[in-house]
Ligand code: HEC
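Before any questions on how it binds or moves, here is one chain, the form predicted alone, in C-alpha cells.
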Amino acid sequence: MRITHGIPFEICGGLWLAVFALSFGLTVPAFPQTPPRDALSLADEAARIAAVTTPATDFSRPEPYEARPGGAATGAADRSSFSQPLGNLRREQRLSFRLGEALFDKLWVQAPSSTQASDGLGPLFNARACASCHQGGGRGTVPSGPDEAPLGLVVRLMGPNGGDPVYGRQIQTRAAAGVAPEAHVSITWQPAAPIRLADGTQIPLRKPVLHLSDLAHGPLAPSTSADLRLAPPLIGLGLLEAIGEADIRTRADPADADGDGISGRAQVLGSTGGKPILGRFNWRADRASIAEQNAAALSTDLGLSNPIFPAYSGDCTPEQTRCLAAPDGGSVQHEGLELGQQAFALLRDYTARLAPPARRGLANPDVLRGKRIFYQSGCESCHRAKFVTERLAPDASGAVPPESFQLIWPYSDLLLHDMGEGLAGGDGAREWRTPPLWGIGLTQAVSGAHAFLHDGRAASLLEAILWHGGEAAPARDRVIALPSEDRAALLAFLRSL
C-alpha cells in the first residue's frame, strides 16, 4: 500500500492507523478525514498523537510520513533547500514570504541617506544584511585562519548584568562613520585531545581560541566572559514555535527522577499573567519567540531599531557617547523606527516559514541500520524525533495557519542539557539546547562547509558527536565503541536528515 506524504496530520492520522491495522489484518472504524474540531474528543485525539509520535521500534523500513519532516509544510531538497517556503503556503502567504525574503537579503546603509527605507544601519554592527550571517538560510561558517573574517560567527559577552558594562551584549566589529568598531576579532585553532575509536582510528579534535584586539574602549570588565556563537540554520522555526509547551515539558526531567541519566530542563524565561514563558530558540533557548529572536538580532547584529528593541543605538551602552550621538534612520513611514511594524511582520513570517527539506535515501539499508543505531545508542533521548504541532487559531482571513497540526520530525526536544566541561561556554555554563537535526545532511550543499556546535569547532558530524559529554557521554561512548560499519551507517542516517 502506497502512503501519500505531505498531507495534514488530521488526514494522515487515520491513514497511519489504517496502514498498521491492515498490516495485521485488523479492522479500523471509519471516521471523517477532516473531522471538525468540536466532534473529535480530546481523548481520541491525544491517543492518535501518542501513537504517531511513539519512538520507532521497527527499523526494517521507513516509518509512515518520515519522508516529510515538516508534514505538509516540507520543502524540496536541493542547493536552495534552506530558502524554500513551507510547502503548504497559500498564494497570498507566498507573496508575503517573498517580500520578507527581500528584507532578509536587503543591504542596509547608515543614516542619513537618500534611501530612507534602507538606512539606519548601526552605529555598531556586524553585518549589513540578515543574509550575510545566514547565507541561503543556513548556518554560519568559521574562519580557517587568523586573517579570515568570521561569517555568521559573533562574540557574545556575558557578565553579572547580562553583558559588559562598556561593550554591551556583543562585540561589533564594524561601525558607521565617526564611530569606532569595538574590536578586531580573530580566531586560531587549538588542538584538543584526540579520540581513539574502538577500531583504532584516531579522530583529531580542535577548539577555537578567540582573540580580541584594538578594543576601542580598553579591556573588557574582569567579570565579563566572551564566547563565540555560530549563526544556526533557520529552517522550520515556525513549526518549532507551534509545538505545545506541555509537549516540550513532558520530556523535562531536571532531577533525573527516572534515573536514566538524562535530565533535560525547560528554559523558563519569566511569566506573563502567572503563566511561565518557555524559551525554545537560540543556543541556550533564551528566546521565547521568533519575533523576539529576530528583534534581538536586528538590534545587536545590524543596529536597527524595531518594535521590540526600539533603541536607535542598538547595542551601544551609556559609556559609548559617540555611538549614542550618531544619526539614526527613524522615519515616519516606519512609526519612527528603522524597521517598522509592517516590515518587521514580513521578516518574521519569512524566517518562520522556511521549510525543512524532504528526506533523502531514507529506505537505503545503511540509513535504516544507522537509524537503529541512533536509537540504540541513546541519541533519541535528547534528539526527539517527532512532534505534532498544536491546532492554531485561524488568521484574520479565517484560514488555518500552515504550521497547524502537522506531524514533524525535528530531532530535538528543545530542552537544555548538560553537555559536559568540554563544551562549557566562556561563562562556565554547560547547558545547551538540543539543536534540531532536520536538514543537517545538507549543510555542505547550503553553506559550502561543515561547522557544527555552538562555536563551529566540529568540522564533521563525527567530531560533533565526539565532543558530547555530560548527559550525552554514555551515547558518545557507545558510538566510540561501534564497529566501523555501524559507525558509517549512523553517519549515513544523519546525512539523510
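Numbering starts at 1 and follows the sequence shown. Given the structure is predicted, the values throughout are model-derived calculations rather than measurements.
What follows is about the form predicted in complex with the ligand, which we do not show.
Looking at the ligand in the predicted complex, residues Leu237, Gln293 and Leu494 each place a heavy atom within 4.5 Å of it. Checking Ala175, Leu346, Ala127, Cys316 for any heavy atom within 4.5 Å of the ligand in the predicted complex turns up a single hit: Ala127. This chain appears without its partner; in the predicted complex, the one residue of Cys133, Ala111, Ala226, Val388 with a heavy atom within 4.5 Å of the ligand is Cys133. With the partner omitted here, the stretch from 81-89, 251-259, 112-120, 371-379 that lies within 4.5 Å of the ligand by heavy atoms in the predicted complex is 371-379.
Contact check for Ser447: every heavy atom lies farther than 4.5 Å from the ligand in the predicted complex. The ligand is not drawn, but in the predicted complex it has no heavy atom within 4.5 Å of Glu66.
Proximity of Gly137 to the ligand in the predicted complex: non-hydrogen atoms within 4.5 Å are absent; the residue sits far from the partner. Among residues of the shown chain, Leu453 is one whose heavy atoms approach the ligand to within 4.5 Å in the predicted complex.
Contacts with the ligand in the predicted complex, taken as any heavy atom within 4.5 Å, map within 450-474 to Phe452, Leu453, His454, Leu461, Ala464, Ile465, His468, Glu471, Ala472.
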